[in-house]
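Have a look below at one chain only, the form predicted alone, in structure tokens format.
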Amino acid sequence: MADAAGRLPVLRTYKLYVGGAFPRTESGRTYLVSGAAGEPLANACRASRKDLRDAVRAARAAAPGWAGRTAMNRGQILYRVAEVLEGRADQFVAEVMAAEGVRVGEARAIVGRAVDRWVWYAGWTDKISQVLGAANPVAAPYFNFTIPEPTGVVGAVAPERSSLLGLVSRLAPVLAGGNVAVVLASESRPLPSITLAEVLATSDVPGGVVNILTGQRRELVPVLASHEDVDALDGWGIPDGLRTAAETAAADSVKRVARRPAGVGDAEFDWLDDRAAERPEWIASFLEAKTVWHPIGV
């Protein structure tokens, strides 16, 4: 239907976010994204298995540099993400309203909480090692230290229902711990995640540290879970019908797996609840403990 100026609307086709760039899917496939009321909003790329493998390769290349940055510097970058997101708050409010069918007040609360959540996890970047690290007593003339280190490449299946705040709540702790991420965005509500990718691309986050794919979960989740170069799997948003097979595939390749709390479904979880969604344990879910021995006096 034409607008008041007589122009016909042309739906935008959103791209993927891989390696700091915005490529189209190599398959050329797209799918229609509709709003909560059923109105067409845009087209999104339907990522292929090759797109996912490219994203994992980009994440692996970026992993040493991100893990090697100081915790303070990673925190500064996450603070910058929060600043840029806040500067585009009106756009996010409009997209959350269209995607999730909420009123403007609730959409503003969701976007505001997403900004605050980036800030909260940014503050933990230089504190988590003090909480999880330890100097261990030993019955020998040695120092013994336990130090947390990032696991590496984390494959994250974002919550389906909370397209922005749920994604931020799962992605921020991964980055705060020094990990890199390959994210499968909400399948039915992907637009806020792609706009978040634009924020990440302009917020000093190095290319490849975060890679965001849109598409069908039944096609991409098995590939992500079984990929040998993915070190950990955040399975929060994996559909129940795929969960057992995905966790089995992850176990076959010895991945660390983070799951939803027992008895908690994606539809019931309140992402606006800070006490539930802001937890240092979620940073620890993707950290490994390294123990170092050193002789005393040497």
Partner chain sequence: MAGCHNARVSNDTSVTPSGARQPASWGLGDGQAIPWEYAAAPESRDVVSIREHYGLFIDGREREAADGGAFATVDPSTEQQLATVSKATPADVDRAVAAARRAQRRVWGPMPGRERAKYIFRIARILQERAREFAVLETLDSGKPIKESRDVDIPLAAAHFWYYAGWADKLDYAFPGRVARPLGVAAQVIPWNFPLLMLSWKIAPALAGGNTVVLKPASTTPLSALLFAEICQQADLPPGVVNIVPGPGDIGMALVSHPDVNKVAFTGSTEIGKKIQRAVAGTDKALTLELGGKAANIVFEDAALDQAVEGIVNGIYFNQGEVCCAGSRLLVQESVADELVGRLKDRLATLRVGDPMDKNTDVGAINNKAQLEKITELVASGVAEGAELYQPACRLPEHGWYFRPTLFTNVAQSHRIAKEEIFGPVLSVLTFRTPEEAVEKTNNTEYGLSAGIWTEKASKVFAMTAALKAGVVWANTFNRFDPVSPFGGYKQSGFGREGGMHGLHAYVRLEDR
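Numbering follows the first chain given and starts at 1. Please read these numbers as outputs of a predicted model, since none were measured by experiment.
Below: the form predicted together with the partner chain, not depicted.
**Q** 137, 149 and 254: each with a heavy atom within 4.5 Å of the partner chain in the model of the complex?
**A** All three within 4.5 Å in the model of the complex.
**Q** Given a 4.5 Å cut-off on heavy atoms, tell me which of 138 to 146, 160 to 168, 196 to 204, 180 to 188 is the interface stretch with the partner chain in the model of the complex.
**A** Contact-bearing stretch, as computed: 138 to 146.
**Q** At the 4.5 Å heavy atom threshold, is residue 12 in contact with the partner chain in the model of the complex?
**A** So residue 12 does not count as contacting the partner chain.
**Q** Does residue 26 reach the partner chain in the model of the complex if we count a contact as any heavy atom within 4.5 Å?
**A** Result no; residue 26 lies far from the partner chain in the model of the complex.
**Q** Check residue 132 for me: does it contact the partner chain in the model of the complex (non-hydrogen atoms, 4.5 angstroms)?
**A** Yes, residue 132 is a contact residue.
**Q** Whether residue 228 contacts the partner chain in the model of the complex should be assessed with a 4.5 Å heavy atom distance threshold; does it?
**A** Yes, residue 228 lies within 4.5 Å of the partner chain in the model of the complex.
**Q** If the cut-off is 4.5 angstroms on heavy atoms, which of these, 57, 49, 69, 243, is the one near the partner chain in the model of the complex?
**A** Checked against the cut-off, the match is 243.
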